[in-house]
Every structure is written in C-alpha cells, then in structure tokens.
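In structure tokens, the next block holds one chain alone, the form predicted alone.
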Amino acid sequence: MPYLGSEETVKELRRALSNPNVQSDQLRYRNIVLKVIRAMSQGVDVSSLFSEMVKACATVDIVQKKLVYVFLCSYATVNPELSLLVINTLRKDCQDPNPMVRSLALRNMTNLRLPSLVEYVEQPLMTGLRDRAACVRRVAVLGWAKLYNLQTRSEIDASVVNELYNLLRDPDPVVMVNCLRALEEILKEEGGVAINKPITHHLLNRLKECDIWGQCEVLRILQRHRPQSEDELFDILSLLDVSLVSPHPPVMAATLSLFLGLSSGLPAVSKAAIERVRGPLLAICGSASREMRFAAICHIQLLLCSIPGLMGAHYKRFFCGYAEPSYIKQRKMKVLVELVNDENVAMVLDELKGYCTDVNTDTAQAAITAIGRIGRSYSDKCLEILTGLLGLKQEHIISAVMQTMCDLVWVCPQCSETVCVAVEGCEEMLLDSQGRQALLWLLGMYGEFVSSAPYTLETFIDGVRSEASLGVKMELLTATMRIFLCRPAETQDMLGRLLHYCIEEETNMCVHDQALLYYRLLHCGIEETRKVLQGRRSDPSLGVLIGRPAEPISQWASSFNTLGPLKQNNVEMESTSRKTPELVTFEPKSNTDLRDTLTCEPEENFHSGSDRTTEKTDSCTPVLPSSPGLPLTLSLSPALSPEEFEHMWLEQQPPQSEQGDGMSKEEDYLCLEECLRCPNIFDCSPKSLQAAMQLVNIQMLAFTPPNTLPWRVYLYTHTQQSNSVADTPHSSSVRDVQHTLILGELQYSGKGNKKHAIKGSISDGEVVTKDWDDEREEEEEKVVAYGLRTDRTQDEVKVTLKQHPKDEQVLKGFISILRTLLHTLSSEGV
C-alpha cells in the first residue's frame, strides 16, 4: 500500500471500501475500515470517504459499527449534509433487539453534535429513557444533557425533566447518578437539581450501591441541601456516619466535606467528625500513590488549623522517607512543625537536623526553615542546631540559616547574643542574594554587638560595583547607615564612599534615590537620622503567643476536598515582617470624646447598669474627668518582654484599704477596672483582634486559645500627650509631653459581670471607688445538641488597666479608643 500521507492512500481505501468482494467478506471489510481509522489517527484527511463509511455502518458486526461510528462522529461537522444519511441507520439500530446495539446507536446519535439533527434524536432518546435495558437508559439520560448543551437557549421540556426526576428511583444506581448529572446540566440556570428531604434520604440510602465516583457525585450534590429541623439534620448525619470511615479516600473526603457543611453551626459535631477520619487519613499517608499521599498530607495540614492536637500522637508518621519526592517531604516538615510539643521536640529536631543535609537543596532549606519555626518556642535547642550547621560550610545551608536567624531574632530577641557570635565569618560562603541580604540586616540591627561588622561591610562596599542584586545594594545602604549611628569612627569613611558611588555612579534609580535620601537625612542631624533608622529590632509578642490560634472550622470547610489545600502557600504561619510601625496619633476635637475621632464607631449608647442613664458616653459611666482636646499618641516602643510585663503587672497590685503607712513607698500608678459590653467579641479571631490592635499601636502579648473559658488577652502600649502649661498670665503656653505606660487585661468568664469598680493608688494612698447597679438579669443559655453554642450578645468583657505614671485624662482617652476598637470588631462579627 502506498505511504499513508499521500493521496494514493485515500484512493486505495476508497477502492477497497467499494469493492463488492471486500464487502462480502466480513473480516476483510472490517480490516479495511480499521485501516481508515488508523489513517485518520495518523493525521490523514479521509473526510472524502464519508459516503463509503456510511454504507459500512449497515452491518451486524458490532466491532465494525463502533469503528464506523468513531469516523462519523469525527467528520460529522465537516459533512453536515451527508450526516443525514446516517440518521436512518442509527434510528433503525435504536430498535435492534440487542441492547448493546441500541445503546451504541443512541450514544453516537448524540455525539454527532449537529443542531439540524436534534428533531430526529428526541424521539429515540425519549424511548430510551423507558428501555428495559439499564445500559440503554444510562446512555439516554446523558444524551438529553448533550442535547440541551447543543441548544442552551431552547426552552426546557417539562416532560423530560419530570421523566429524569422519576428515574432518580431507577433500580440501576448508574442510571440514578446519570440523572443527577443530566439534571445538573439541564437546570444549570435554575440552580441545578432540586434537592429536598425525600430525595436526600433516598440518595443516602442507596449510596452504598453506587461506585466510588457515583458516591462522590451524590455527596457533592447533597451539599446544597439545608435541613429544615434538627431532627432531619441528625438523621442525615447518622446516614453519613458509615461513609466517614470508608476505605475509599475520595468517598471519605466527600463525606467529610458534606458533614462539615451540614454541621457548620455545631462545632462539637464537626470536631467529632474530623477526629473520626483521623485513621483513614493516616492510612492514606501510607498509600503507594505519591499523589494520594500528598493530597492527604495537605488536607491534614488544613485540619490542624482548627484542631492542632489531632495528629499529636502520630507525629512519627510524618517523618520523611529517603525515596520520597521533595514536595512530599516539604509538606511533611510543615506538619511536623505543627505537632511539636515538650515530649517530642527532641526527636523531631533530631529528625529535621538529618534533613538539613539532604541532596535536594529545596528540602534542606525547608528543614532549616522548619527548625527556625520551632525555635520560636524552643530557641536554645534550635539555635544549637543552626549554629552547628554553619560549620558545614555549604553555601545553600549557610544562606538558609542566615534567613532563619533573621526571622528568629525578630520574634525571640533573647537569641540575639548567640546569633551575633554565629554570624561572624560567614560572609565568604554567602553567594546568593537572599543570604547576603539576611546577613546585612543582622549586621545593621546588631552591629554594635558584632566586633567585625564594619570590616564585613567594607568587604561588601569594596565590591559594590560588581554587585548585581538590587536588594543587596539597598540593604547594604541601610546597614551601613545603622552601624554608622553606633560606631561612627569605624564607619564614616566607608559610608562616604558608598554614598558617593550610589549617588554619582549608580544607574539604578531605586538605589540612587535611597542613597540620596540618606545623604539628605544626615544633613538634618544625627538625632533625626536615629529616629528614622533605629526602630524596633524585634517583635517579641509574636514569639509568646500560645501556639497558633485555632481557626474556626467554618473558615476553611468550603475548601476541603478541593484543590485549595494543595496550593503551596495555602497554610502558613503568621508573617514576621521586620518593619518598625509608625506612631499613630489621634487628634480629638474639642469637647468630643476620643472615640468620635475613629470613623468606625457607630453612634449608639450602651448601658452597663439597669437604672444608669448616660448621655453621649461609654458603656459604663466614667469616673475620670473628660479629657481636653489635646493630641494623644500611642506607641509600641520601647517593647516589653513577657517577663517584664509579668513583673510590672504583679508589682502594681491595688492596695488593701487597711495598709496604713505602707502606702507611702508605692509607686505612682492608677488601676482601672471596667466592663464593656462587646457582643460576640469572644468569637473574634485572635488574628483579627491582634491586627486591629496593632493598627492603633496596641500590642497583644498573649491570649488564651479560642473557645476557652475564662478567655483572657494581655496587652500594653505607651502613651504620649502634650499638655499646655502657662508660665505667667502674659507668657505663651509651653508644651509639656507626658509619657505613660499602660498594661491591660481583657477577661471574659462566660457570664455577665455584676460589679464594676475603679481603684486608684498613688503615693499618698488616694483610693477612688465607684460601683454600678448590682442587679442584672441572667441570660438563658441556648444550647444546641452537640453544638454547645451560647448566646453571648449581652455578656460583658472585664477590662483591667494599670497605668504608670498616673494620668487620668490619658487613661480616659485610652479606654475610649479600646472601647471603639472592641465594639467595632464585635459589631462586624469577625
């Protein structure tokens, strides 16, 4: 036979198909048809053989029919007029006594995809819905979906929809599932198939009869159903209970997704369901399929967001195997970080230390990063490992260690001394830009503690002309400026050379403009430069938060059993941005409460007592006098460590009324206790609360985990307020800036607080006390079965503030700001 790519091939095939001798021999005829299909698959245009192939479909040989139908469906759109010739044959085959022939004919009638043939297809499809053979009904059901896909703008035939709904009770489970898929396609614009209570129970009762993908399809569609009563809800959950431990991972995942959607208002039920799938998830982690293992680990990482201790006893299951791909190893290391506790920290760190020398650089760097994250809670052990890795003298390891140390000293300032000793002499092995930027940042922030810091910077400055990285140049400028402020004699000459090069010779405008900014800043004086460049070196509050706050299950339930958890950056711990926040200044108007300066405060009055009336005031009537319209500034600098906070908090205890002469030795401070009515603040996400407070420069030091009673939050801030003091009646007023430190505790005990008091203690023993009405109705708890959800709309949060030195006006302004912030969060329901 001639070459298949030539025109002779088509001519030869046409002659063979038209040869009566070939047509009379069934085997030879089938082989010729097979050669046509082979030529078509190799890219030869055989559309001119359409007429001959139409004749070839008039045969009793099912294999030949299938081959011919493949050809006809491929070239039907090229020859729409000739396609009419095959309709009669297909309609005739729809009445064949063989169900395989009938189903084959129906399938290919709908696969022709020609709008002009729709009128010829409808009647066979309707007959196929009532066919006694299940295989024909399966094809007919999907055929209606294909038909409506061809004519999306046509009116929906109600009789067809009713027939499909009736087939939901077909004895064949595949027909039932195909009906769901077809109704989803046909009723797409109306929201898909309507799911009610009878249909839901029918589908769930027949769930075991379906295959794996049929069960997943049923469970996916049932997510739209919302039970109308608790009894109906628990009936559905009971039917789903068996599928939660299904040996088939797709069914288990789809069931849990549906379970979480139905029990979104019942956190206890959702948590119990997640704990039930712990075993199946761990079994999938040992699957032979890499893809299956990776998907399971990603979903486990998602579950740990709400239940951190879910896999605590099984942490060894997440140790990496030697032959595992790097993407699985990296995900396992992220899970290990979440599972670290006092009992297993030594074993986990020892395992991660072994991964640091992995031949895959990405895996080694991920292991070092994981050690750094664990170092936020176990800094001494992790620093010992990190400093030991520097001795390996490998470029990618040293670079990763430098970046990890930067993050570690930002959240754990107590590690700075060890880090300063470890970074000396590492510049020679750092060749990548990220590692060099990390080293320069450390030298800039802690240059006075690193003896060789100026000489290391001089090496970078001497090679700045050949430096290709923009980030390294900009970090070098900042680091040199910072070291100049603390070691000017050693740095002055090299700083001048660096600024001259960056201003006069540097072609990159970002570097040029930054150098010019620093040059002009130096002209403003050293003190002004110090204010701009010497900010906070760390944010220790990030290192003492009690674990990672547990997220509500409803926050990620919709992404479960989707591709969302498989994304690389889907689940990350809190960011550690090494930036110094600016001061936030509030300028209250005269005769206006400070909360009115914040636009988010609603005009609404709140009353803490039943008989207490207030004008445009706070939730509790203040004892302190109204503050004048003077600027109040909040600042986070200087930062307080947890130990300093605890020492000062315990030191400033309210005095007992009978202390006598002992009061004369106490420091000047003021203690305030007040109750704020903040609906739903207990349900506020810790991340949202922390972010909102940092916007106004209030720092959260620690908090208890969500849904834990009593719920506490500890915070602090520094305040500055300018007071006008007139020397003489004829002299101009002089600005006196008052600095105070405010420590605070927010407490919610689960019931309304009945007593509110303000106690002040100063050096002369002054005590100011004021009580509100003790009478308050107790709220009725509405407990939903399994949910344990309580209505806390009328509960109050007890606020305890301790200020040093005493300034009643400043404390009055701060409580107004805090009240505004808490009420805004609770009213938005974050």
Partner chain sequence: MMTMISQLFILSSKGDHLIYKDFRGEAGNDVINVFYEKVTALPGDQPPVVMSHRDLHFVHVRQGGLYWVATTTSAGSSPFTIIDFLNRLAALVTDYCGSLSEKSVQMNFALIYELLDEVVDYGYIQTTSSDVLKNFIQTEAVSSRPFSLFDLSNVGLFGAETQQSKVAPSSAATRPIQSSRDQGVFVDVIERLSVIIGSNGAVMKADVEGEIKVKCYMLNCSEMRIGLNEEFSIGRSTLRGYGAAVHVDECRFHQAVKLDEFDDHRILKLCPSQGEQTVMQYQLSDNLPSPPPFRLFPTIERDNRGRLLIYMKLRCDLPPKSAAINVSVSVPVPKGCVSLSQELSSPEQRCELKPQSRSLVWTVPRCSGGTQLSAVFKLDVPGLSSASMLEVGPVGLTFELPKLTSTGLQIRFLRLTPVQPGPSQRWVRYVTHSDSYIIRV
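Heads up, when I say rigid core I mean the largest set of C-alphas that superpose within 1.5 Å between the two forms. Residue numbers count along the first chain shown, from 1. Just so you know, these numbers come straight off a predicted model, no measurement behind them.
From this point on, the text means the form predicted together with the partner chain, which you will not see here.
With the partner chain omitted here, the record of contacts in the model of the complex names 170 to 178 of 492 to 500, 170 to 178, 303 to 311, 440 to 448, defined by a heavy atom within 4.5 Å. For N162, no non-hydrogen atom is located within 4.5 Å of the partner chain in the model of the complex, even though that partner is not displayed. In the model of the complex, R373 stays away from the partner chain, with no heavy atom inside 4.5 Å.
Residue contact with the partner chain in the model of the complex: H804 places no heavy atom within 4.5 Å of it. Put simply, A288 is close to the partner chain in the model of the complex: some heavy atom of it is within 4.5 Å. Contact with the partner chain in the model of the complex, defined as a heavy atom within 4.5 Å, holds for exactly one of P552, G471, P250, G265, namely P250. Checking Q694, Q738, N341, Q394 for any heavy atom within 4.5 Å of the partner chain in the model of the complex turns up a single hit: Q394. Proximity to the partner chain in the model of the complex holds for none of M509, W649 and Q690, with the criterion being a heavy atom within 4.5 Å. Using a 4.5 Å cut-off on any heavy atom, the residues of 201 to 218 that reach the partner chain in the model of the complex are, in sequence order, D211, I212, W213, Q215, C216, E217. A movement of the C-alpha atom of R497 falling short of 2 angstroms is seen between this form and the one not shown when the two forms are aligned on their rigid core. Annotation for T77: C-alpha shift of 2 angstroms or more between this form and the one not shown, rigid core superposed. After superposing the rigid core, the Cα of V335 is displaced by less than 2 Å between this form and the one not shown.
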